[in-house]
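Okay, here we've got a single chain as structure tokens, the form predicted alone, with questions on binding and movement later.
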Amino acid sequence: MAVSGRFVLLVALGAVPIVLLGQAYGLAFEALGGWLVLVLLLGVLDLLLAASPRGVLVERDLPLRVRLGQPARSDLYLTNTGRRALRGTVRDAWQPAAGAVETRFALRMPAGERRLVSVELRPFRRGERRVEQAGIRSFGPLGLWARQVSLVAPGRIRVLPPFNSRRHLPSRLARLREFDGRTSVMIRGQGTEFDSLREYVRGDDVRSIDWRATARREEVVVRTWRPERDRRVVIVIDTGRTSAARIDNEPRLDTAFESALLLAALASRAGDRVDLIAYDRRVRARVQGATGPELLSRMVDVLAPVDPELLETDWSAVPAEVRTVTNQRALVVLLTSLETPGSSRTLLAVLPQLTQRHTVLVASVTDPATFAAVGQRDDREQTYTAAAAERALLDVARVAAAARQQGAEVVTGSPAELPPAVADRYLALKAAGRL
């Protein structure tokens, strides 16, 4: 049961004059009691005449998935199966992170009729956004008291990563086409495969001459090579405590997702096989064996509910996780954070195990505010802040240098710069025949 503001106003309209005027005649207490009894009787009568909200059938229709930043609509279909017309309100109880623009709606439903209530959703966080109930209040003819019930109307919508970095994909694909199967190389190297035979022309490297084919054709023939396809790319996303930090109003983990999605889209177009592991002390998400359009679809689906875990990542188990994916030589991309030597000690300790068998790329997001703070020294506070920022940058540089000494490639950048930087380094490694 619920009372309306109209009921409170009715009590006040009768009680205030009685108290003010009745004191002069000594009748205030008796008159006030009589007024309250009358109002309560009106409320009970109003409640008895209200339609039962339990006779309302609720059906929900909403999309299963939506990208972060895009609007969605949740439709509630309400059917009045009772004998009385229902007049009241309905509230759709979505989680706050679902970003419901409006959740309360006026409702008028004659007996036997159906109404549609649409809620606009604008989610501002990834993951599963849920709703379990819809609350309905049914007022009587006087609008004083209402019957209230919460009806079970479960629903959920998965908010996927936005993949804003896909705008960088066309330019990277154009660069990929320049050497992937279209621009052949004359010298065979690691990460290349045979492409075709063609006639020798002046300027070709004599080491590329195929003497057997030359003898058969009675003309000088050379071999051409192209970057090898069907290579393995293993992406490992760090979901430990450092991934929870927000840089440029975006969690580091979300930047890692953007980098992983852009790299996976590019590598799959290049004919390579991409596998994904999100890990801290256990595997939070895994995508393995997917190819083509299925790859990105599965990646955004499994990454959507993954949140940072407030614990240290167990890097010692990462080499074993990579071995479960492939025993062949692969490009292993570690999307993590390079901060202080102390926090990166376990990562640096396992890099030799990875670089011995694989090509390793370590990608870390940096804070543009740190670079901006270095140059601001107008007063004492800014000077101390600049010194702290300079120290932080030196720590990152030390850790990056240590990772390079272990044989790993290192890429750093702001949240907007890191995804294309990772894609560019992948293209450079592929062009150099190191995959």
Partner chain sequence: MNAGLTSKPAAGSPAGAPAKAATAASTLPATASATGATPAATPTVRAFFRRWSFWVGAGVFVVLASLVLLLIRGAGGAGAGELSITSAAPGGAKAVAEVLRGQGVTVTAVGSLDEAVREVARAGGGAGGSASDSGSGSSGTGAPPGTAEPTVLVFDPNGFLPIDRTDDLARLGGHLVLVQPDIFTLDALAPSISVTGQVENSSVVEAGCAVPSAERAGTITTSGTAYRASGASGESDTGNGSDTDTDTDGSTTTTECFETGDGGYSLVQAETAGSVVTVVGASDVLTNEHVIEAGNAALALGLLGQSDELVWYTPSESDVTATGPPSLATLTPGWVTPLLLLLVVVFLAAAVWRGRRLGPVVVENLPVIVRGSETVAGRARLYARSNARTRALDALRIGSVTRMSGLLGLPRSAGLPEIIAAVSARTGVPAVEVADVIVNRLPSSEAELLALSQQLAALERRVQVAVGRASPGGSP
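Positions refer to the first chain, counted from 1. As the structure is a computational prediction, the values presented were derived from the model and not from experiment.
Just so it is clear, the following notes concern the form predicted together with its partner chain, a form of the same protein that is not shown.
(request) Spot the stretch among 352 to 360, 144 to 152, 288 to 296, 262 to 270 with residues whose non-hydrogen atoms come within 4.5 Å of its partner chain in the model of the complex. (result) Within 4.5 Å of the partner lies stretch 144 to 152.
(message) Taking its partner chain as it sits in the model of the complex, is Val318 in contact with it (heavy atom to heavy atom, 4.5 Å or less)?
(response) Flag for Val318 set to no.
(message) Is Thr383 part of the interface with its partner chain in the model of the complex - any heavy atom within 4.5 Å?
(response) Yes, Thr383 sits close enough to its partner chain in the model of the complex that at least one of its heavy atoms falls within 4.5 Å.
(request) Please run the contact check for Ala432 against its partner chain in the model of the complex: heavy atoms, 4.5 angstroms, yes or no? (result) Flag for Ala432 set to no.
(message) Since only the chain is shown here, I'm wondering whether Asp367 would be in contact with its partner chain in the model of the complex (any heavy atom pair within 4.5 Å).
(response) Because a heavy atom of Asp367 falls inside 4.5 Å of its partner chain in the model of the complex, the answer is yes.
(message) in the model of the complex, does every one of Arg223, Asp238 and Arg329 come within 4.5 Å of its partner chain, counting any heavy atom?
(response) Not one of the three qualifies.
(message) Looking at Arg281, Arg217, Arg246, Arg158 here, can you tell me which has any non-hydrogen atom within 4.5 angstroms of its partner chain in the model of the complex?
(response) In short, Arg246.
(message) Going by heavy atom distances of 4.5 angstroms or less, which of Pro170, Gly112, Pro71, Gly342 would be at the interface with its partner chain in the model of the complex?
(response) Only one listed residue qualifies here, and that residue is Gly112.
(request) Give, in sequence order, every residue of 385 to 404 that has a heavy atom within 4.5 Å of its partner chain in the model of the complex, or say none if there are no such residues. (result) If the 4.5 Å heavy-atom criterion is applied to its partner chain in the model of the complex, 385 to 404 yields Thr385, Ala386, Ala387, Ala388, Ala389, Glu390, Arg391, Ala392, Leu394, Asp395.
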